[in-house]
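We give structure tokens for two forms of one protein chain below, kept apart as structure 1 and structure 2.
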Structure 1
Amino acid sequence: MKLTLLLASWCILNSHATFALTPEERGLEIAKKMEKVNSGFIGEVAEMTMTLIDAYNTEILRKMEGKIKEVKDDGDKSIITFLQPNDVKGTKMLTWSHKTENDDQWLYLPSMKRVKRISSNSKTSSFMGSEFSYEDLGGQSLEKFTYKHLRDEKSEIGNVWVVERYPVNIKESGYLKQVMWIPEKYHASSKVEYYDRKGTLVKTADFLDYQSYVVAGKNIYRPGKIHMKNVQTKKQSIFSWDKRKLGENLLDNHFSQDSLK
């Protein structure tokens, strides 16, 4: 009888060991959940405001229009058009993100009447004077990172996963790693810390005012605001969304290079 109980206990312990995930496996599992929950939005249109705040709290407002098209078996396509003020009116940024390859990005500058391709060396540069880089606004696909689950935390909205992610192609990224706080309710980040290639914290982003959108019977959460803070320069930038619609069927020609002009 004792031998039977001992064998049963050993089998139970061995079963738990077999199915226990490593931090890397758990991190990847969470990332896959995020991708699955946030897919299926079809297309998105919104009015946007970008607020630039310098170290002395002086603010500059810029109004924009944004469109995103979900692409099957590849990264999404997006275009941002600046509407105000006049010094940036008509400026457009087009992004074709990809799952594994480098994203394609172009910037149209109306003052020069030309389209400028954003090179891989420029992806770490500031987007239009903001604390967001072109890399931040590019594709964030599952395949471009490796992951590590650090811990779980509790918040007022429930369980939060804390996960590190590392760019697969480190030579093409401005970051060594990012640490993400991911509420299980949203399956999307509520906070991200960005560490430069030396491992120094350079920026933090708070993802705020989450709202739920229903597309084909599926709930998808999106933040209404992203507040990026540069901890070294003390500069800040805020992206906020208004009149956002998901489930929009957008034509491919809205995201062509010709559409920039």
Structure 2
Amino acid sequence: MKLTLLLASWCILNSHATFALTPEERGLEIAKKMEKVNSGFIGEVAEMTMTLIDAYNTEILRKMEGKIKEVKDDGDKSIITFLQPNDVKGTKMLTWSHKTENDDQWLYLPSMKRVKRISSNSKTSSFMGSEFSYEDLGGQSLEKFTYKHLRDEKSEIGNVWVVERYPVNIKESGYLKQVMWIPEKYHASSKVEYYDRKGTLVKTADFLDYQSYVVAGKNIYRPGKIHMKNVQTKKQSIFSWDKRKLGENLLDNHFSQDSLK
């Protein structure tokens, strides 16, 4: 009897410990899970297309090639090579993202054969005239945000966590907060709402066509496209990935300034 009581007390205490998580702790817990599930991709290569759609539904295409190398205990290293429009063909952007510090970024300008260090202060600027900002596409490390779990929702693919996140360095962000819908199946966002510094909704992004990639026996999900809609200007941009490969062993030397030339 004593043993039963003891077990019951332990169970109650234990369940109480889970329920006792504050929304902030629960949000952080989900963010940690997301990071853990999405890590281990080693390296990623893809061709990317960005479709810019104005308020009159006129479409313009931008093409890029991307490589990402996973770095243990720090942010990832990435290179984007611009392929279209033709005047920026060959321009490359190298980013060494960091968990807490500002990212290091360099731009290679082929006309001058110059590698220029750039400030990561312009994160809120538009990326190639699209509705995406550099901030939307840059490193999303766990440590750069604080979190708050709002609620759980049910969907066709199971449980969905709804979590708000707030940039730690508010001065360098264009957003006051982002609200994320995170299906438990993917451990990655299916929808994000972006609120400007005044708290007004400016953009929504739908993360679509999730695909599963197996890397070292682990399932990692990646969206096939992100559809960003600016609710204020009615402009839209669709960022899509083709020929994506995960688990690529990319040379560390490819992610240096000298390799850009």
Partner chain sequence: MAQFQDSGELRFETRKFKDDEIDRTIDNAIAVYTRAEIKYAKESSNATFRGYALTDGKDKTRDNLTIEDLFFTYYLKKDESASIAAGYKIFNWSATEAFHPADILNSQNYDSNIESMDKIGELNIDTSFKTPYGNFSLLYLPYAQSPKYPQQRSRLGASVNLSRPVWVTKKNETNLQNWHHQGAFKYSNSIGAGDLSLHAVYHLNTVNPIVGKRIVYENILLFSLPVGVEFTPYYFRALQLGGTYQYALDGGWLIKTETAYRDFLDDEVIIQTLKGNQSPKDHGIVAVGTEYGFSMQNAGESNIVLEFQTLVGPNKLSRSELSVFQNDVMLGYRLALNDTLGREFFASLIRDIERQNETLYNFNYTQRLNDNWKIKTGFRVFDAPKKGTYATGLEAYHNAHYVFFNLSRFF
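Being a predicted model, the structure only gives us computed values, none of them experimental. The term rigid core refers to the maximal set of C-alpha atoms that superpose within 1.5 Å between the two forms. Numbering runs along the sequence of structure 1, starting at 1.
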Answer for which single form is the form predicted alone = 1
inquiry  = How about K99 - superposed on the rigid core, does its CA move between structures 1 and 2 by 2 Å or more?
reply    = no
message = Taking the rigid core as the reference frame, tell me whether V160 has a CA displacement of 2 angstroms or more between structures 1 and 2.
response = no
